[in-house]
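Below you'll find only one chain, the form predicted on its own, shown as C-alpha cells.
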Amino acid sequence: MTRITRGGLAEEVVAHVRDQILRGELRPGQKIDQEQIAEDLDVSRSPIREGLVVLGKEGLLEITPRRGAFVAEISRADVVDHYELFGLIAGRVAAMAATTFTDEQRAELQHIHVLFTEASDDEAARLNHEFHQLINGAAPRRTRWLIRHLERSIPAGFFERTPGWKSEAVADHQTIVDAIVDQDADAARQAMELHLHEAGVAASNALEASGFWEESE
C-alpha cells in the first residue's frame, strides 16, 4: 500500500473512521481498532490518536482513558436531526440561489437535473453532488465552509442501499429547480429543507437495515 504523503494525516483518519461509522460498518459500543486503521491507511499512531480526538469532539466516539475509543451511541433521531440542521443551512443557500442565480446558472441547474433524471444509479450519485454543489455556490465563503463541514459529517454511500432513492430525489430536485427558476426564495428554502429531512430519514433507514442498532437495543 502506498503511504499517504500529503498533509493532514489526522484528517485522513477522521474521514476514514467517520465514514465507517456512518455507513454502519462500525456499530455503537464497538472498540476502534487502531492497528487496523494503521494498516488500512499506512499511517503512524500519532495521527490516529489526533483523529480519534476530533471524532470524540464530534460526538461519534467515546474515548476512555486506558481503555480506548468506542463508537458512541447514536440514535435514529440524532441522524435525522443532523440532516435537518444541514437542511436549515442548505435551505438558506437555496433561497439565495433563487434570487442571485443568472440565467446561465439556472439553465445549468436545469441541465444537470435532466441528466440526473436519465442517469444510472452510479452516475446519478455524481450528478446529485453536482446539483447541490451548483446551488451551494450561491453561498458566501464562510457559509460554504459550514456546508462542506456538514456534508463530511453525514453518512456517505447509503443511496445504493435505499430502494427508490433516485425517484424520490428526482421529484425533490424538480421542486427545487422550479422554485429557483421562478426566483421564489421561500419555496426554494422549503423544498431544500424537506429534501434534506427526507434524506435524513433515508439515511436512518439505511443504517437500521445494516443492523447498526441491533447490538445496542
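Everything numeric in this text was worked out from a predicted model, so none of it was measured. C-alpha atoms forming the largest set that superposes within 1.5 Å between two forms make up the rigid core. Numbers for residues come from their place in the sequence shown, where the first is 1.
The form predicted in complex with another copy of the chain is left out here; the points below concern that form.
Between 126 to 134, 100 to 108, 113 to 121, 68 to 76, the stretch whose residues reach within 4.5 angstroms of another copy of the chain in the model of the complex through a non-hydrogen atom is 68 to 76. Scanning 150, 41, 177, 185 against another copy of the chain in the model of the complex with a 4.5 Å heavy atom cut-off leaves one residue, 150. For a residue to qualify, one of its non-hydrogen atoms must sit within 4.5 Å of another copy of the chain in the model of the complex; all three of 54, 59 and 92 qualify. Remark: residue 49 counts among the residues lining another copy of the chain in the model of the complex, judged by a heavy atom distance of 4.5 Å or less. Interface residues of 82 to 108, taken as those with a heavy atom within 4.5 Å of another copy of the chain in the model of the complex (partner not displayed): 82, 84, 85, 88, 89, 92, in sequence order. Once the cores line up, the CA of residue 34 ends up 2 angstroms or more apart between this form and the one not shown. When two forms of a protein are overlaid on their rigid core, residues whose CA moves 2 Å or more are considered shifted, and residue 62 is one of them between this form and the one not shown.
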